[in-house]
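As a starting point, one isolated chain is supplied in structure tokens, in the form predicted alone.
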Amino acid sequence: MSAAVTAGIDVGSSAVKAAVVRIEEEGGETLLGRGLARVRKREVAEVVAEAFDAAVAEAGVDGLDYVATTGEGEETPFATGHFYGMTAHARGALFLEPRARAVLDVGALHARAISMDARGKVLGYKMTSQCASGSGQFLENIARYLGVAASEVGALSIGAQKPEAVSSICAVLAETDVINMVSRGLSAADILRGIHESMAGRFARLLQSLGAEGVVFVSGGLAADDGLAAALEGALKAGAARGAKPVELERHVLSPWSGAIGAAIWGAFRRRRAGMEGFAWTAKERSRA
């Protein structure tokens, strides 16, 4: 079979990411286009269409051999097939960082640590509960309460002087802790750094319980948070000093698209295995999104 051009759509609770990838017959992969759209109380179908259309337009293609979904995208009407989120993130991480043998995926509602082999096969995973305060949605809520833009969170956290950790694992109680901190006069920077350190400690324990070592790739929306990355580096170094396996964190500007990229790559694999021929989607079908 010839080269395939496939799309992956990662439907999350706060954003939808889409990617179009060209996979050569001999195995080379090239990202052709990507799109991202925020949910923000809109219909999911509308957000999926916006992200998908943006990725297809950037790729400049009129047809796709396979359209794969992951996350909460199983009901997408024009999709060819669906893949589990961990499978998609593991494969997408390898595309962005071939040395990675584990992924820390930090999403809006939860965080999960995934171990995989050199082919992207998932070997094990650990996950936080949805009510935990170690999530993107929790951090977004706190930043909004503090009057801090999402783009400012990382820099403020890094510049903190006297951070105070949030000890509660319940998001509701943790938000109460933050309200008390504000009433005591703590700065936004110190509060954010404390939250980052609390989250980082939880994520480091996830990775340690998974037995992760070597290169760990950070995926998901919070991969771009420099303050969280700095806190996580500190937590992992502290763990290594206590005898935990050493870990090297890697991030990428395309980290939020890991799931979408991985779904697209697995879509090409499934198409090849099934001996499928012809376009699964053409530009004439765009209105079906």
Partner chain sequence: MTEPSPRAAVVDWAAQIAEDLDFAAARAHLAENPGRKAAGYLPVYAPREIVRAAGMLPVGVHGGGDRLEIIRGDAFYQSYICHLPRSVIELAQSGRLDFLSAVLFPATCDVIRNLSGTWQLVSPEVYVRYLDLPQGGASELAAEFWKEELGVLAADLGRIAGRAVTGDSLREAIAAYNAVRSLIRELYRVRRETPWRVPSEELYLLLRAGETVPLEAFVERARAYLAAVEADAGRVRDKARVVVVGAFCEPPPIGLIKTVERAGCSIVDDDFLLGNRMIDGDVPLDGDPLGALARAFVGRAVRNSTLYEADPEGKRRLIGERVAAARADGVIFASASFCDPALLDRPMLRAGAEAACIPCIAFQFAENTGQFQQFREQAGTFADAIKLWGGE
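Because the structure is predicted, anything quoted here is derived from the model rather than measured. Numbering follows the first chain given and starts at 1.
Not pictured, yet referred to below: the form predicted together with its partner chain.
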> Exactly one stretch in 116-124, 215-223, 180-188, 193-201 has heavy atoms within 4.5 Å of its partner chain in the model of the complex; which is it?
Replying inline: 116-124
>> Within 4.5 Å, heavy atoms only: does Thr76 come near its partner chain in the model of the complex?
In response: yes
> If you check in the model of the complex, is Gly81 within 4.5 Å of its partner chain, heavy atoms only?
Replying inline: yes
>> So in the model of the complex, is its partner chain close enough to Arg22 to count as touching (4.5 Å, heavy atoms)?
In response: no
> Hey, in the model of the complex, is Tyr66 touching its partner chain, heavy atoms inside 4.5 Å?
Replying inline: yes
> Hey, with its partner chain in the model of the complex, do Glu72, Thr87 and Arg273 all fall inside the 4.5 Å heavy atom range?
Replying inline: yes
